[in-house]
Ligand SMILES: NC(=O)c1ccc[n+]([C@@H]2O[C@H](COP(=O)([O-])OP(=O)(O)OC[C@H]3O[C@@H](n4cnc5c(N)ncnc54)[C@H](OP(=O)(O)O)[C@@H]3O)[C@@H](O)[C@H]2O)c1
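A lone chain, given as structure tokens: the form predicted on its own.
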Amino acid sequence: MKQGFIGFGNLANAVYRGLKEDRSFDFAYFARSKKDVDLHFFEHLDSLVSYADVIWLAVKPQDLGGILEQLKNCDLSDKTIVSPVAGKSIAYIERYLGKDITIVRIMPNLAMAYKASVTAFHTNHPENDKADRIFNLLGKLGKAVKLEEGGFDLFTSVFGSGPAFILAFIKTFKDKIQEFDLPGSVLDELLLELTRGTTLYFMQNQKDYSIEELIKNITSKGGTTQAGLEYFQSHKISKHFEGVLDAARNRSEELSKNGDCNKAT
């Protein structure tokens, strides 16, 4: 399959990095300016559309309407449209391109570059083999799950934005251990091992134990872990973190509503 990216920012680059060793794919892109990447660049959007079997809408939400205005004048027969654009529904895209075009909406994260993304998938033509091929492609880049569009805003906040939130939490650890007076690179290595070890602990035991049981296994009565967890619970830190996820979900919902309103007016 020939993959054509409209825009070549972080996400498109992650997809390319995750798939570039697979010889069943060819890649090209269209963007405002040529990037320092080793794949074909098209100066005109219609040239990219003619080339590609799959067209990735790798643009910012505020730029999507303008791109769709251009795309609706192109021959999209036999093309598959893939949109990772947050807050923009399939119905929004259909208003420009029509309902006959196979449109796949996804919500991935940048771990696609390492074949470790968690990606939501929904399509307007689930019976179509072209949509199935995209789902299988996403499986090469991590774990793909079919999800109703109503769940995309929450999925975006947890799995799309989640890596940034987890890193922000890790940064809190780093800020606290600055008193060790070690180089920042060493602190990063220590935190990476902490994260890797915790993930491995979860991975090896999640089939037999719940998260609550795994936490309990680490906690000694009257010990340091218990003291920290009691503070965590008494100050309702989990509720505050839920607020972070809710803020991200609310923003995704706002993008969707604003996009629909702008199109309607």
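Since we're looking at a predicted model, the values are computed, not measured. From 1 onward, residues are counted along the sequence shown.
One more form of this protein, predicted in complex with this ligand, exists but is not displayed; see below.
Comment: 80-88 is the region of 191-199, 80-88, 166-174, 122-130 lying near this ligand in the predicted bound form, near meaning a non-hydrogen atom within 4.5 Å. With the partner omitted from this view, the residue of 235, 44, 60, 240 that lies near this ligand in the predicted bound form is 60 [heavy atom within 4.5 Å]. This ligand is not shown here, but in the predicted bound form it comes within 4.5 Å of a heavy atom of residue 35.
Contact check for residue 104: no non-hydrogen atom falls within 4.5 Å of this ligand in the predicted bound form. Residue contact check for residue 24: none of its heavy atoms lie within 4.5 Å of this ligand in the predicted bound form. Heavy atoms of residue 250 never reach within 4.5 Å of this ligand in the predicted bound form, leaving it off the interface.
Within 4.5 Å of this ligand in the predicted bound form, a heavy atom is found for none of 18, 51 and 134. With contact defined as any non-hydrogen atom lying within 4.5 angstroms of this ligand in the predicted bound form, the stretch 145-184 contains no contacting residue.
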